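As structure tokens, one chain now follows by itself in the form predicted alone.
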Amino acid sequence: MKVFILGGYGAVGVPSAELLAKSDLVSEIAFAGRNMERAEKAAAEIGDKARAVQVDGADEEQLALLLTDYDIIVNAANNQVALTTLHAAVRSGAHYCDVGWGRDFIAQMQEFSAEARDAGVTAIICNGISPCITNLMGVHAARQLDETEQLQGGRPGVFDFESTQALTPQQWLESPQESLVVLQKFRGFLEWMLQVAQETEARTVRAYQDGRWLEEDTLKSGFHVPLPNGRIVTTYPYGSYDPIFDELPDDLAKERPVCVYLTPFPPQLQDLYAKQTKLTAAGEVEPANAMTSFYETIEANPDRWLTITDDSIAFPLEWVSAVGRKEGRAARYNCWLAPDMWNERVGWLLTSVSLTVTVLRILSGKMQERGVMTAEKTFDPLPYLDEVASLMPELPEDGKLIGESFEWLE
């Protein structure tokens, strides 16, 4: 079968193409995009199954003509060309996958579900570490309780989407001066997160104390994070709001889900940034001014703020908790990406591998349902996550993508 990858020469597309090329199901892979030089280079690295195609992802007519020879189009580019690409896929009868994200994006794509169904097209949107893997973790977590009050999740990290770079707890540098140089690269993201905190309504998490459920503001009271060693630690996030990436399903619990984001900084620096977040969220300071104060404070004494301390904790790359009731008692189930997954490349790689698993499931004929769907509405969580783990270059020690724990709250 033939696969057409739009944006296939990027950080997500190339690893996915490498995995697809190893499958006996795939006879040809087209690397498609406006940059023919990059497409040809990527195709040459893959080998005989690959070829380069020059195309503008915003040109529906051109795409539809090209897709008549392909079984599936994989949009590894961006949200902006997704509708055009989906329209072209339906016109040509090709199946469709992407790595999109966001509530508005999902709603917009699902408006075209009837047309896709009538054309016999399976379109599975939003594959990747988030929201696909995180949402499947959420489905699995909710199933472990008899009644789920709320899904809670989070991730540590600071990101630069243009360069695909991320700063994680496991990468924090030991040299304060070197760390300061690296930190400057993420100023845009940090300021953006302060803007989100300022513009977004405060969100609370459900916590069980003294025989009753309480609503806690995570920016003020902290967030309870599960660790693989069985500990639960409380830390302060730099964001607590409606999930930017639609990371958890909103129909599995009584209360809407909450995702939080933690910095990968040493504790004293995380506390400094959390202070700026609180001031910004309260409207006491503008994001740009808060960011200037943050960096000026660090630059005045980098040895104080950028030194790793003995109480530094490496948080899971992604985790999900379900709080609610089981057997009539308050309980909490936790799951997280296995520690083997905690490094810089994994976030992007898991997106590529997840995308690959979905493509192969469609090509193999396992997917009989037609229309526009999301992963958590389509796949059984554990078999899917096990399949993702099996395709990772470095298989987790126990072969499982997630670890898990359970605790009674009363």
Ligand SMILES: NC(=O)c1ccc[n+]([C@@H]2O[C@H](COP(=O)([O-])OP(=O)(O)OC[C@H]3O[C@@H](n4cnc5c(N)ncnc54)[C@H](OP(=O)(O)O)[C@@H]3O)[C@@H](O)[C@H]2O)c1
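Since the structure is predicted, the reported quantities are computational estimates derived from the model, not experimental observations. Just count from 1 along the sequence shown to find any residue number.
What follows is about the form predicted in complex with the named molecule, which we do not show.
**Student:** Is it true that 156, 257 and 333 each have at least one non-hydrogen atom within 4.5 Å of the named molecule in the predicted bound form?
**Tutor:** Spot residues vs the named molecule: no contact at all.
**Student:** State the residue from 116, 77, 269, 136 whose non-hydrogen atoms include one within 4.5 Å of the named molecule in the predicted bound form.
**Tutor:** Contact residue from the list: 77.
**Student:** Of the residues 373, 55, 43, 367, which one places a heavy atom within 4.5 Å of the named molecule in the predicted bound form?
**Tutor:** Looking at 373, 55, 43, 367 one by one, just 55 meets the 4.5 Å heavy-atom criterion.
**Student:** Taking the partner as it appears in the predicted bound form, which of 383 to 391, 21 to 29, 397 to 405, 8 to 16 has residues with heavy atoms within 4.5 Å of the named molecule?
**Tutor:** Answer to the contact question: 8 to 16.
**Student:** Does residue 101 reach the named molecule in the predicted bound form if we count a contact as any heavy atom within 4.5 Å?
**Tutor:** Within the cut-off, so yes.
**Student:** Is residue 316 a contact residue for the named molecule in the predicted bound form, using a 4.5 Å heavy atom cut-off?
**Tutor:** Because no heavy atom of residue 316 falls inside 4.5 Å of the named molecule in the predicted bound form, the answer is no.
**Student:** Spell out, yes or no, whether the shortest heavy atom distance between residue 130 and the named molecule in the predicted bound form is within 4.5 Å.
**Tutor:** Residue 130: yes, in contact with the named molecule in the predicted bound form.
**Student:** Can any non-hydrogen atom of residue 34 be found within 4.5 angstroms of the named molecule in the predicted bound form?
**Tutor:** Contact with the named molecule, yes.
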